[in-house]
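In the block that follows, a single chain appears as structure tokens, in the form predicted alone.
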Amino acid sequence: MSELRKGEEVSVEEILESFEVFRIESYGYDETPKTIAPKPSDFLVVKPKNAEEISKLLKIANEKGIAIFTRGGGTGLSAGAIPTKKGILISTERLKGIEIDVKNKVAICEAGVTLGELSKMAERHGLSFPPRPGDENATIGGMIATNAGGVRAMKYGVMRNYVLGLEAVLPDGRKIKLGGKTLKNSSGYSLLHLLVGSEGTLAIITKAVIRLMPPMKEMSMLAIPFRTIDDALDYVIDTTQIMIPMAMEFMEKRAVEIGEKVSGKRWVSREGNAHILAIFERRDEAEESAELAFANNAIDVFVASPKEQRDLLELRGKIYLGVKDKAIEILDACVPIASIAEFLKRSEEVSKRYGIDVISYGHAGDGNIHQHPLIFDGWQKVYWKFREEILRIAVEMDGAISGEHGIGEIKKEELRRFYPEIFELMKELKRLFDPKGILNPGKVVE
């Protein structure tokens, strides 16, 4: 590859004839903590304008055996978009086409459209995209590639539940269209759902048909402190047996304090070691759930006004910002909701044995717990064994080693170790789709 100066646009005749090429150092990183993120290799950035340009580029890359990495909004947490081999990074930032089909209640989005842009466009047409599967700057292509989840997954599902159709480019440059605008499709193997969550290793997603919903109703929110984790999670279980809230977020006391510090907002109580932020679409649901909270020994139940709702959501949303520079990584194991309390207790036992301090919070309504092991002197000597034990506990509980962040670069070994048969099947699929191994090499199964 020709050597480029930072920000310089060139034509690399041997590899990228007719393409503008950039060297942008920041594209070598995403939101993965630097403690565990791999160092990027030498790479060139290309910003295609459409699927045809991607098709042309992949055909060339496949012929020459050049590694291709795909980047959306750079909000990933598993190093999935970090170029770890010398090659080309395709940024989808120019793929911005979006159209709303009101009668069929779908959005036709190119891969570079952000979550914020999709939500605003849907609302302008009297519709909504209820899930909140990521940062507002996360792109549709990236969220589909990781099957992103988020705080509302318990009621509204994850990205997989909203993808009706896909346009994608295979490693050899062929364009394929999967699915369409229909809710039902039993026409053979669901290759569409195979690409959802494939993390850029099988094909490059260029466009998607996304299911939309009627407008969101006015929400009700409860902020509830509990003295113990058991009481808090028993309340979650009791509530979800009779209704499906929009979200039920769990926060340990220290996580709340971090959110307060970063956001400048105040939580509802200084008491309690476990806190729940419960969100409902209907007031009567919130009222019924409040009774269940008191029945499970809640210290108090606070009903948030619209302004307080915004403040509390900001507090919850900024916990990660307050801890990310202090954390080794963000574990996102997922367990059945009835097992959350036991998972947290067993995790605490492991943490104490290794001398690792862990801050925990997460999506109690769907069992996806975010654990932040904090950096300490000599953490590298014990951390990987500690992580293996934590993830093994989740697997033993019929859970998953990643609920929403994906495997990417950083959980490959655990995927192989805990799911050996499935891992081998995934490798076979990778070889079928990408026999030369050019797409996102080194990620997920390699």
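Sequential numbering from 1, following the sequence displayed. Keep in mind it's a predicted model, so treat the numbers as computed, not measured.
The protein also exists as the form predicted together with a small molecule; that form is not presented, and the subsequent description refers to it.
The stretch that touches the small molecule in the model of the complex, counting heavy atoms within 4.5 Å, is 80-88, out of 80-88, 290-298, 251-259, 177-185.
By the 4.5 Å heavy atom rule, the three marked residues 226, 362 and 373 all fail to count as contacting the small molecule in the model of the complex.
Between the options 157, 74, 130, 171, the residue in contact with the small molecule in the model of the complex by a heavy atom within 4.5 angstroms is 74.
With a 4.5 Å cutoff on heavy atoms, residue 141 counts as touching the small molecule in the model of the complex.
Not displayed here, the small molecule is approached by residue 204 to within 4.5 Å at the level of heavy atoms in the model of the complex. For residue 354, no non-hydrogen atom is located within 4.5 Å of the small molecule in the model of the complex, even though that partner is not displayed. Shown alone here, residue 414 lies farther than 4.5 Å from the small molecule in the model of the complex, counting heavy atoms only.
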